[in-house]
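The chain that follows stands alone, in the form predicted alone, written as C-alpha coordinates.
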(Lines give C-alpha, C1' and ligand atoms only; values in the text may rest on other atoms or scores of the structure.)
Protein backbone atom coordinates (compact mmCIF):
# COMPACT_ATOMS: atom_id res chain seq x y z
CA UNK A 1 0.00 0.00 0.00
CA UNK A 2 2.87 2.38 0.70
CA UNK A 3 3.79 4.52 -2.34
CA UNK A 4 7.49 4.24 -3.21
CA UNK A 5 8.00 8.00 -3.52
CA UNK A 6 5.60 10.92 -3.12
CA UNK A 7 6.19 13.42 -5.92
CA UNK A 8 5.04 17.04 -5.79
CA UNK A 9 5.34 20.22 -7.81
CA UNK A 10 5.05 23.31 -5.60
CA UNK A 11 4.14 26.34 -7.73
CA UNK A 12 4.74 29.74 -6.10
CA UNK A 13 3.40 32.67 -8.13
CA UNK A 14 1.88 36.13 -7.80
CA UNK A 15 0.31 36.52 -11.22
CA UNK A 16 -2.02 34.91 -13.73
CA UNK A 17 -0.63 32.80 -16.52
CA UNK A 18 -0.43 34.94 -19.65
CA UNK A 19 1.52 32.86 -22.13
CA UNK A 20 1.22 29.33 -23.50
CA UNK A 21 -1.05 26.40 -22.71
CA UNK A 22 -3.63 26.09 -19.96
CA UNK A 23 -1.77 25.36 -16.69
CA UNK A 24 -4.71 23.36 -15.31
CA UNK A 25 -4.51 20.98 -18.27
CA UNK A 26 -0.79 20.41 -17.62
CA UNK A 27 -1.51 19.91 -13.91
CA UNK A 28 -4.04 17.22 -14.81
CA UNK A 29 -1.38 15.50 -16.93
CA UNK A 30 1.01 15.62 -13.97
CA UNK A 31 -1.60 14.08 -11.67
CA UNK A 32 -2.14 11.28 -14.19
CA UNK A 33 1.59 10.57 -13.79
CA UNK A 34 1.23 10.44 -9.98
CA UNK A 35 2.74 13.89 -9.45
CA UNK A 36 0.71 16.21 -7.20
CA UNK A 37 0.60 19.91 -8.09
CA UNK A 38 0.26 22.39 -5.21
CA UNK A 39 -0.13 26.14 -5.74
CA UNK A 40 0.62 29.09 -3.48
CA UNK A 41 -0.59 32.44 -4.82
CA UNK A 42 1.03 35.51 -3.26
CA UNK A 43 -1.29 38.50 -3.01
CA UNK A 44 -0.02 42.04 -3.53
CA UNK A 45 -0.39 44.22 -0.44
CA UNK A 46 -3.10 46.80 -1.07
CA UNK A 47 -3.69 45.54 -4.60
CA UNK A 48 -5.27 42.13 -4.04
CA UNK A 49 -7.74 42.69 -6.85
CA UNK A 50 -4.85 42.88 -9.33
CA UNK A 51 -3.02 39.86 -7.94
CA UNK A 52 -3.03 36.21 -8.83
CA UNK A 53 -6.44 34.81 -9.73
CA UNK A 54 -8.14 32.74 -7.03
CA UNK A 55 -9.92 30.77 -9.73
CA UNK A 56 -6.71 29.93 -11.59
CA UNK A 57 -4.90 28.88 -8.40
CA UNK A 58 -7.79 26.63 -7.37
CA UNK A 59 -8.19 25.17 -10.85
CA UNK A 60 -4.51 24.25 -11.17
CA UNK A 61 -4.40 22.60 -7.73
CA UNK A 62 -7.71 20.80 -8.24
CA UNK A 63 -6.61 19.42 -11.61
CA UNK A 64 -3.27 18.43 -10.09
CA UNK A 65 -4.81 16.65 -7.11
CA UNK A 66 -3.13 19.10 -4.77
CA UNK A 67 -3.66 21.92 -2.30
CA UNK A 68 -3.97 25.66 -2.98
CA UNK A 69 -3.64 28.75 -0.82
CA UNK A 70 -3.82 32.48 -1.49
CA UNK A 71 -1.74 34.44 1.02
CA UNK A 72 0.21 37.61 1.68
CA UNK A 73 3.97 37.13 1.65
CA UNK A 74 4.28 37.37 5.46
CA UNK A 75 2.50 34.02 5.78
CA UNK A 76 4.60 32.24 3.16
CA UNK A 77 6.88 30.22 5.45
CA UNK A 78 4.12 28.50 7.41
CA UNK A 79 2.01 28.08 4.28
CA UNK A 80 4.74 26.32 2.28
CA UNK A 81 5.16 23.76 5.07
CA UNK A 82 1.42 23.33 5.59
CA UNK A 83 0.66 22.86 1.90
CA UNK A 84 3.48 20.34 1.42
CA UNK A 85 2.43 18.24 4.42
CA UNK A 86 -1.29 18.50 3.67
CA UNK A 87 -0.70 17.33 0.10
CA UNK A 88 1.34 14.37 1.36
CA UNK A 89 -1.50 13.30 3.64
CA UNK A 90 -4.05 13.82 0.85
CA UNK A 91 -2.03 11.65 -1.54
CA UNK A 92 -1.59 8.87 1.02
CA UNK A 93 -5.28 8.94 1.92
CA UNK A 94 -6.01 8.56 -1.79
CA UNK A 95 -3.86 5.44 -1.93
CA UNK A 96 -5.54 4.09 1.22
CA UNK A 97 -8.99 4.72 -0.24
CA UNK A 98 -8.06 2.83 -3.40
CA UNK A 99 -6.97 -0.11 -1.27
CA UNK A 100 -10.20 0.03 0.75
CA UNK A 101 -12.28 -0.02 -2.43
CA UNK A 102 -10.49 -3.17 -3.55
CA UNK A 103 -11.00 -4.82 -0.16
CA UNK A 104 -14.50 -3.58 0.74
CA UNK A 105 -15.92 -2.91 -2.74
CA UNK A 106 -16.73 0.25 -4.72
CA UNK A 107 -18.13 3.20 -2.81
CA UNK A 108 -16.28 2.41 0.40
CA UNK A 109 -13.77 4.99 1.58
CA UNK A 110 -11.98 5.98 4.76
CA UNK A 111 -14.97 8.06 5.86
CA UNK A 112 -17.24 4.98 5.70
CA UNK A 113 -15.27 3.03 8.30
CA UNK A 114 -16.42 2.79 11.94
CA UNK A 115 -14.68 5.39 14.15
CA UNK A 116 -12.32 2.88 15.79
CA UNK A 117 -11.24 1.38 12.47
CA UNK A 118 -10.91 4.83 10.92
CA UNK A 119 -8.59 5.84 13.76
CA UNK A 120 -6.39 2.82 13.09
CA UNK A 121 -6.16 3.67 9.38
CA UNK A 122 -5.38 7.34 10.11
CA UNK A 123 -2.49 6.18 12.30
CA UNK A 124 -1.15 4.26 9.30
CA UNK A 125 -1.55 7.37 7.11
CA UNK A 126 0.38 9.42 9.67
CA UNK A 127 3.12 6.80 9.83
CA UNK A 128 3.49 6.74 6.05
CA UNK A 129 3.61 10.56 5.99
CA UNK A 130 6.54 10.37 8.39
CA UNK A 131 8.46 7.61 6.61
CA UNK A 132 7.67 7.89 2.88
CA UNK A 133 10.26 9.32 0.53
CA UNK A 134 9.43 12.75 -0.89
CA UNK A 135 10.49 14.60 -4.04
CA UNK A 136 9.43 18.25 -4.38
CA UNK A 137 10.14 20.33 -7.47
CA UNK A 138 9.64 23.97 -6.47
CA UNK A 139 8.57 26.13 -9.40
CA UNK A 140 9.12 29.82 -8.60
CA UNK A 141 7.57 32.63 -10.62
CA UNK A 142 10.38 35.11 -11.33
CA UNK A 143 8.34 37.61 -13.37
CA UNK A 144 9.02 41.28 -12.62
CA UNK A 145 6.38 41.63 -9.89
CA UNK A 146 8.05 38.87 -7.83
CA UNK A 147 11.32 40.80 -7.45
CA UNK A 148 10.65 42.09 -3.93
CA UNK A 149 9.13 38.79 -2.80
CA UNK A 150 12.04 36.44 -3.59
CA UNK A 151 13.80 37.04 -0.25
CA UNK A 152 10.72 35.78 1.58
CA UNK A 153 10.45 32.82 -0.81
CA UNK A 154 14.09 31.92 -0.11
CA UNK A 155 13.58 32.00 3.66
CA UNK A 156 10.39 29.91 3.36
CA UNK A 157 12.20 27.22 1.34
CA UNK A 158 15.05 27.00 3.84
CA UNK A 159 12.52 26.52 6.66
CA UNK A 160 10.70 23.90 4.54
CA UNK A 161 13.92 21.93 4.16
CA UNK A 162 14.61 22.04 7.90
CA UNK A 163 11.05 21.01 8.71
CA UNK A 164 10.89 18.14 6.22
CA UNK A 165 14.32 16.81 7.18
CA UNK A 166 12.95 16.17 10.67
CA UNK A 167 10.97 13.34 9.07
CA UNK A 168 12.28 9.77 8.91
CA UNK A 169 11.77 9.51 5.16
CA UNK A 170 14.25 10.79 2.59
CA UNK A 171 13.63 14.15 0.92
CA UNK A 172 14.84 15.58 -2.37
CA UNK A 173 14.23 19.10 -3.63
CA UNK A 174 14.89 20.89 -6.92
CA UNK A 175 14.17 24.52 -7.81
CA UNK A 176 13.13 25.89 -11.20
CA UNK A 177 12.46 29.54 -12.02
CA UNK A 178 10.16 30.80 -14.74
CA UNK A 179 10.33 32.35 -17.23
CA UNK A 180 13.85 31.54 -18.41
CA UNK A 181 15.69 33.66 -20.94
CA UNK A 182 15.01 31.23 -23.78
CA UNK A 183 13.03 28.46 -22.09
CA UNK A 184 9.71 28.43 -20.29
CA UNK A 185 11.54 27.48 -17.07
CA UNK A 186 15.16 27.01 -16.05
CA UNK A 187 16.71 24.80 -13.37
CA UNK A 188 18.38 26.96 -10.72
CA UNK A 189 19.13 24.19 -8.21
CA UNK A 190 19.58 20.52 -9.02
CA UNK A 191 18.11 17.77 -6.84
CA UNK A 192 19.43 17.98 -3.29
CA UNK A 193 18.48 16.68 0.13
CA UNK A 194 18.77 20.10 1.74
CA UNK A 195 17.90 23.64 0.70
CA UNK A 196 20.15 25.47 3.15
CA UNK A 197 22.47 26.49 0.29
CA UNK A 198 19.60 28.11 -1.59
CA UNK A 199 20.97 31.48 -0.44
CA UNK A 200 23.70 31.21 -3.07
CA UNK A 201 21.16 30.58 -5.82
CA UNK A 202 18.51 33.24 -5.30
CA UNK A 203 20.75 36.27 -5.95
CA UNK A 204 21.35 34.83 -9.44
CA UNK A 205 17.63 34.72 -10.28
CA UNK A 206 16.77 37.29 -12.90
CA UNK A 207 13.27 38.72 -12.64
CA UNK A 208 11.22 40.00 -15.55
CA UNK A 209 9.16 38.85 -18.48
CA UNK A 210 5.81 37.16 -18.88
CA UNK A 211 4.21 34.39 -16.79
CA UNK A 212 4.16 31.14 -18.84
CA UNK A 213 2.76 28.96 -16.05
CA UNK A 214 1.51 26.13 -18.29
CA UNK A 215 4.79 25.67 -20.21
CA UNK A 216 6.72 25.97 -16.93
CA UNK A 217 4.65 23.15 -15.40
CA UNK A 218 5.33 21.04 -18.48
CA UNK A 219 9.07 21.62 -18.06
CA UNK A 220 8.72 20.46 -14.45
CA UNK A 221 7.08 17.27 -15.73
CA UNK A 222 9.95 16.73 -18.14
CA UNK A 223 12.39 17.09 -15.24
CA UNK A 224 10.69 14.29 -13.32
CA UNK A 225 10.87 12.13 -16.46
CA UNK A 226 14.56 12.90 -16.92
CA UNK A 227 15.25 12.07 -13.30
CA UNK A 228 13.41 8.73 -13.55
CA UNK A 229 15.35 7.80 -16.70
CA UNK A 230 18.59 8.78 -14.99
CA UNK A 231 17.80 6.54 -12.03
CA UNK A 232 17.09 3.60 -14.29
CA UNK A 233 20.33 4.08 -16.20
CA UNK A 234 22.45 4.45 -13.06
CA UNK A 235 20.69 1.77 -11.03
CA UNK A 236 19.89 -1.01 -13.45
CA UNK A 237 18.01 -3.74 -11.63
CA UNK A 238 17.11 -1.60 -8.58
CA UNK A 239 13.60 -0.42 -7.75
CA UNK A 240 12.94 3.32 -7.51
CA UNK A 241 12.32 2.98 -3.77
CA UNK A 242 15.60 1.13 -3.18
CA UNK A 243 17.54 3.74 -5.12
CA UNK A 244 15.88 6.65 -3.33
CA UNK A 245 16.62 5.18 0.05
CA UNK A 246 20.26 4.46 -0.70
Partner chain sequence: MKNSAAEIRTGIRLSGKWHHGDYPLIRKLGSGAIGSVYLTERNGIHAALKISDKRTSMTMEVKVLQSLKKVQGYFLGPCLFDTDDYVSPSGQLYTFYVMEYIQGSRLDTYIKAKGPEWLPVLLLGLLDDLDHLHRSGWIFGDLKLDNLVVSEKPARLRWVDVGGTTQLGRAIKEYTEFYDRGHWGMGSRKAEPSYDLFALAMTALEILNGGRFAKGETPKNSIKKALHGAGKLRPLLEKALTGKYTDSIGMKQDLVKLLMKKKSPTPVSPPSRMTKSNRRKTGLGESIVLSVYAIICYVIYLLQ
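All values derive from a computational prediction rather than experimental measurement. Positions refer to the first chain, counted from 1.
Same protein, other form: the form predicted in complex with its partner chain, not shown, and the subject of what follows.
- At the 4.5 Å threshold, heavy atoms of residue 170 stay clear of its partner chain in the model of the complex, well away from it.
- Contact check for residue 103: every heavy atom lies farther than 4.5 Å from its partner chain in the model of the complex.
- Although the partner is absent here, residue 99 lies well away from its partner chain in the model of the complex, with no heavy atom inside 4.5 Å.
- None of the heavy atoms of residue 152 is located within 4.5 Å of its partner chain in the model of the complex.
- Contacts to its partner chain in the model of the complex (heavy atom within 4.5 Å) from stretch 112-149: 112, 113, 114, 115, 116, 118, 119, 120, 122, 123, 126, 127, 130.
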